[in-house]
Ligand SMILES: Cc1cc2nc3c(=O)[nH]c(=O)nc-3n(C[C@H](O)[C@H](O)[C@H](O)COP(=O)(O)OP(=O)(O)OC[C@H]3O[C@@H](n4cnc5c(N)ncnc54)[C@H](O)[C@@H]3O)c2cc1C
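Form predicted on its own, single chain, as structure tokens, below.
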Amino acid sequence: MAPVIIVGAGMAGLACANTLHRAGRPFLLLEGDSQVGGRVRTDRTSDGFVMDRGFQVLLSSYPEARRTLDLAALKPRAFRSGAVIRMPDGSTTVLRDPWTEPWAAGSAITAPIGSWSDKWKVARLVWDVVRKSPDEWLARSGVGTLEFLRSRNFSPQIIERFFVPFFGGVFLDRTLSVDSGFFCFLFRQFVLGRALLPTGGMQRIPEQLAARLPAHSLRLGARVSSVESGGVRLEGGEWLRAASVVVAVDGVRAAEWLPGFPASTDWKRTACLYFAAPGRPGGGDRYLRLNAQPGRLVHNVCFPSDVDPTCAPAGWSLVSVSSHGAHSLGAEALLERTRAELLEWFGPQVDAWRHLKTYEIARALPTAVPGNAGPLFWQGVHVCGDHTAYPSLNAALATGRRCAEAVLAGGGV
């Protein structure tokens, strides 16, 4: 029997391959790069710094992560729930999470991010989102997130000081135009779970999935030039016959192989700059730093080595700095402006921070597509990935699994 051929060993392709493998179905997973992971990748410097390609976390409450991954084997380290917020006037406040730290309830109530009425409305929102299942929220297509928050009478103050800096970073979109059903799904995940970093970087996740597969079933460096329902052709001309074909790459690439495929060309972009800092400038509190000051290039800062000490050599900290959206700055200008804003925020200690690397990621997240709940079947070819559902690691895993289930069932999606 010809194998099922899966093109792309990102999270969706690996989830698809794992599902087929558990069912005993022969498959071949092709990846054009030299490593698995797709957008979930990690680099390591010769002096011991571990840098994910863009700031990423794994949410412990993701339904598909709990279904697919061995979370304990990843040795995950958790961020502290809450955040340090830089206010519009340049001051900072610590927003502690009363659901994980009940003794911090008084601090949360008095945090200057909004009125007492806003805090009550947050509590009501928490109650509302946990009463429905993740699938119920993902199936709900409604207004944009900003309009949704306004409809619940949240004040401009709490929207600008909390929702925009926090969820603007999650969505890579500070306009909060993402569908409110997806927002409620994510809000639920943050309420019920923790933001995690696997020990050694996010790439440990795809590496775990790849390690479960038979060695002969994965071909790295296999670049595909064309795709048909009956097989794929590699760039060197080799034709590989397939019982079924699954395309598990981003929508732009899928559209190159599948004429007429409805791929969105609207991607969210981000820039992530890493610095090496002596000592512990984050103080070891494991909080994410959010910037609520308007018009700033730097949107959030974190110290991954405070969460996972293996991210930096002894005596040093790894600093991750993120900005979102388009900018017209060259590499040097981007670094210079970032340093200037960090100096305003963290003071003269920034002069001792050594720049390690800048990641400019033009296709960081696909734009959310409201109401699209799973993978597609296009011209006889299965298609999966978060671009077919909603932008998250959970969606990539889920659509890969569902594609495999459709193949096993002998039909389309």
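Don't overthink the numbering: it's just position in the shown sequence, from 1. What you see is a predicted model; the values in this text were computed from it and never measured.
Note that the form predicted together with the named molecule isn't included here; everything after this is about it.
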Seminar exercise, completed: Residue within 4.5 Å of the named molecule in the predicted complex by heavy atom, from 253, 289, 204, 80, is 253
Exercise. Between the options 65, 376, 350, 365, which residue brings a heavy atom to within 4.5 Å of the named molecule in the predicted complex?
Worked result: 365
Exercise. Any chance all of 57, 224 and 393 sit within 4.5 Å of the named molecule in the predicted complex, going by non-hydrogen atoms?
Worked result: yes
Exercise. Pick from 30-38, 342-350, 43-51, 66-74: which stretch has non-hydrogen atoms within 4.5 Å of the named molecule in the predicted complex?
Worked result: 30-38
Problem set entry | Interface membership of residue 361, the named molecule in the predicted complex, 4.5 Å heavy atom rule | yes
Problem set entry | 4.5 Å heavy atom contact, residue 312 to the named molecule in the predicted complex | no
Problem set entry | residue 270 within 4.5 Å of the named molecule in the predicted complex, heavy atoms | yes
Exercise. In the predicted complex, does residue 232 have a heavy atom within 4.5 Å of the named molecule?
Worked result: no
